[in-house]
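In structure tokens, one chain follows: the form predicted on its own.
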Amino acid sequence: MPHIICLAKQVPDPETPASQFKVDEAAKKVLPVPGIQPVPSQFDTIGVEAALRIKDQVKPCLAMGADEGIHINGPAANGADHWATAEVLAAAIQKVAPFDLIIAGRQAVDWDMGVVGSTIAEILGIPVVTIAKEVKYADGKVTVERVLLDGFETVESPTPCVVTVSNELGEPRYPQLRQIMLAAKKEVKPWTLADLGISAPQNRVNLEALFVPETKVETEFIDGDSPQEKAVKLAQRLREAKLI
């Protein structure tokens, strides 16, 4: 059975009503919404699905789902940029080594930077294959079908390596009640930066400002006695606005 590490980030629930989404512009942070818990990033749950598909193919198969979890938390880690986040995750990965495969989402759905997986591979000195729609493991190698702008390509890589997956891989499976109950008994280890030998991750990105953009909607009705007259007036109005 290959040792697969899946990376998952907690993000604000995308179903949060826009009226409740607020940021602290002075601190440049997103404020948690009372009563709404963070959720795993969508692409990361797809990464877990990719790992479970590999696990299903390798016999004998244990119960469906991850075997254990590690939660890295702390104020310094929560404020880390992509490079500092990658350094923290790379340290945690090295602590649970050896491993065969690291799977992550193509990007987090909050900041959408899409570079943590590749940065981890750079730090660890291992190959990375990005934006995968299918991942297969056999004989110490992974075969990955990648999504391109104009089609797909198949890439083979030795392990250990990092693979980032995209939504084209498919929806993550929905756990059944028995599996949810079993998951509650599985260990989730809380790790701090001190456990990883890191005092404080050093950010390399300078965040200039963070704010909720203002949206303004204006509606203008074009009057006319006929569709033709309305069309002429619309064209004139668009020309005045320099849109045509």
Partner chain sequence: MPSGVLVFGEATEDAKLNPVTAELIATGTRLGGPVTCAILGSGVEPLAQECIAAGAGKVIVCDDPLLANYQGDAYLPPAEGITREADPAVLLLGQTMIGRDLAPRLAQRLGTAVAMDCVALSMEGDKLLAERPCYGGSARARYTINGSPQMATVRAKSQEPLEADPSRQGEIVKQAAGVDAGAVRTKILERRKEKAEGVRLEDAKVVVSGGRGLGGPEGFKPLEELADVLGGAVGASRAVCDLGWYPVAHQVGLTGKVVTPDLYIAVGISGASQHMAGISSVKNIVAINKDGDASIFKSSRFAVVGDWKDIVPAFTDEARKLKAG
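If you're wondering where the values come from, they're calculated on a predicted model, not measured in any experiment. Numbering follows the first chain given and starts at 1. Think of the rigid core as the biggest set of C-alphas that the two forms share within 1.5 Å after superposition.
Beyond what is shown, the protein has a form predicted together with its partner chain; the following relates to that form.
*Asks:* Hey, in the predicted bound form, is residue 98 touching its partner chain, heavy atoms inside 4.5 Å?
*Replies:* Judged by the heavy-atom cut-off of 4.5 Å, residue 98 is well away from its partner chain in the predicted bound form.
*Asks:* Does any part of residue 114 reach within 4.5 Å of its partner chain in the predicted bound form? Heavy atoms only, please.
*Replies:* Because a heavy atom of residue 114 falls inside 4.5 Å of its partner chain in the predicted bound form, the answer is yes.
*Asks:* Does residue 45 reach its partner chain in the predicted bound form if we count a contact as any heavy atom within 4.5 Å?
*Replies:* Residue 45: no contact with its partner chain in the predicted bound form.
*Asks:* Against its partner chain in the predicted bound form, would residue 158 count as a contact residue? Criterion: heavy atoms within 4.5 Å.
*Replies:* Close contact exists here: in the predicted bound form, residue 158 approaches its partner chain to within 4.5 Å, heavy atoms only.
*Asks:* Would you mind picking out the stretch of 186-194, 199-207, 32-40, 173-181 that comes within 4.5 angstroms of its partner chain in the predicted bound form, counting non-hydrogen atoms?
*Replies:* Result of the contact check: 199-207.
*Asks:* Going through 7-33, which residues have a heavy atom within 4.5 Å of its partner chain in the predicted bound form? Please give them in sequence order.
*Replies:* Those in contact are 12, 21, 23, 30.
*Asks:* At a 2 Å cut-off on C-alpha positions, does residue 202 qualify as shifted between the shown form and the other one after fitting the rigid core?
*Replies:* False for residue 202: its C-alpha shift is below 2 Å.
*Asks:* So, superposing on the core, is the move of residue 175 at the CA at least 2 angstroms between the shown form and the other one?
*Replies:* No.
*Asks:* Checking residue 189 here: with the core superposed, does its CA move 2 Å or more between the shown form and the other one?
*Replies:* Comparing forms between the shown form and the other one, the residue 189 CA shifts below 2 Å.
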